[in-house]
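Let's start with one chain on its own, the form predicted alone, as structure tokens.
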């Protein structure tokens, strides 16, 4: 256990000593406390310590000890949030880091479910399931190399499988939740003695209450997910569209037809951000090898590597809206038929591109994601999921917002690019990302490898980012958007039905009567 330069008050020193006697690490060094109080976008109040349990029993015992002393608890998964989801708002607090709770408890290949501890990453789970020929229907975000399953289930996330089965919270069977006093609350069918969690629905859906709760209703200890056979054939296609209207029509058609596992797009500003690339020949060669291995046999791998090598990075230099589709099937013939249907749905107003991006994404699905832009600047993603009937209106409003701020953005060197994702048959995930030159946080320093340019602090750009992001959030709300990663950024409570809010308050009071678990989350109106 590291030692803080300034010792806490006597009572707090006692509880820290008690926590250190558990199967856990207690980090009190200044750098550690600062790092764990930051996400990839902002910094919170530096807490008393970081509590890192190595067992579920230690987690439950530690939670009970800390709350009995009145310490607030801020649960943290992989730390990839950008909405202040777990940032402490007071010094007399612990960040509860679940990363050491990384065990895969049960893989039940017969009844098709898997139970993991909250700190297990999506990449680790997928690797463990592969030898069984299985996977989870939703199998993680792009950041799954670091993002934990507990964090994703608390905050909500999208990517792999989202075009087919929706987001993380749509694809969970059961939770084991630690309440503020250390009690374990088990949801789902497995919560009944002698039963296993092979289904979610049996009576009132208690599992759904804790999905996407921003970690405010209790601390997730274990998660049970459904399983399915891995597909035998996977392939992708890519297209370039001149405008958003044509892109949206194609994306809606493909996802509503159930043809895609992933369907994502980028506007010209996003592709310009990454068209230079920073890895050069070595990175490209490593990616080619990964693409070759992903094809399943050496001949198919060589053919695909040759095609991607010929395409090179040219696809990034094409101006327009790029749409990338990944489809899956039981065999190659069925996959070809799916991709031909995709081509027909995307034909209007498009040019087909080499499928470089789908190939890269599936060859290395959980490649480490940068927390800085390619130019070494800061990034802030925002997003909303809107029904298709509101997508065109939202895009027009966002374009008008960018036009209003164009001069100020140019002066502050602030660039805004937007990505888009199809979410099952439900709607469109619309994600603008703000890029600007600025000084790094400690969270960026620890997560960045290689040489990227450094920038001085840029308070003028920070103020502009705050103003534009607030305006964007209002546009999302006006368009009827829902949000993942609610954290403390999105107005989840605004205008919500009073009866529903009273019910939520009653659940919170039962699980956390003193309001010490992630206080402030789910409260923004």
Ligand SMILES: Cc1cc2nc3c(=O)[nH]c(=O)nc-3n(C[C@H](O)[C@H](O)[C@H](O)COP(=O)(O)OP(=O)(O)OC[C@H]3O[C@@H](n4cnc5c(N)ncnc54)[C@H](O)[C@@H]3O)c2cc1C
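Numbering follows the first chain given and starts at 1. Bear in mind that the values here come from a model prediction, so they are computed numbers and not experimental data.
In what follows, reference is made to the form predicted in complex with the named molecule, a form of this protein that is not presented.
*Asks:* Taking heavy atoms and a 4.5 Å cut-off, does residue 226 contact the named molecule in the predicted bound form?
*Replies:* So residue 226 does not count as contacting the named molecule.
*Asks:* Is residue 321 a contact residue for the named molecule in the predicted bound form, using a 4.5 Å heavy atom cut-off?
*Replies:* No - in the predicted bound form, heavy atoms of residue 321 and the named molecule never come within 4.5 Å of each other.
*Asks:* Spell out, yes or no, whether the shortest heavy atom distance between residue 369 and the named molecule in the predicted bound form is within 4.5 Å.
*Replies:* Output for residue 369 is yes: heavy atoms within 4.5 Å of the named molecule.
*Asks:* Is there any non-hydrogen atom of residue 198 lying within 4.5 Å of the named molecule in the predicted bound form?
*Replies:* Residue 198: no, not in contact with the named molecule in the predicted bound form.
*Asks:* Though the named molecule is not shown, can you say which of 37, 67, 482, 485 has a heavy atom within 4.5 Å of it in the predicted bound form?
*Replies:* None of the others qualify; the residue that does is 485.
*Asks:* Taking the partner as it appears in the predicted bound form, which of 150-158, 398-406, 322-330, 435-443 has residues with heavy atoms within 4.5 Å of the named molecule?
*Replies:* Of the stretches listed, the one contacting the partner is 150-158.
*Asks:* Using a 4.5 Å cut-off on heavy atoms, what residues in 68-82 are near the named molecule in the predicted bound form?
*Replies:* The stretch 68-82, when checked against the named molecule in the predicted bound form, contributes 75, 76, 77, 78, 79, 80, 81, 82 at the 4.5 Å heavy-atom cut-off.
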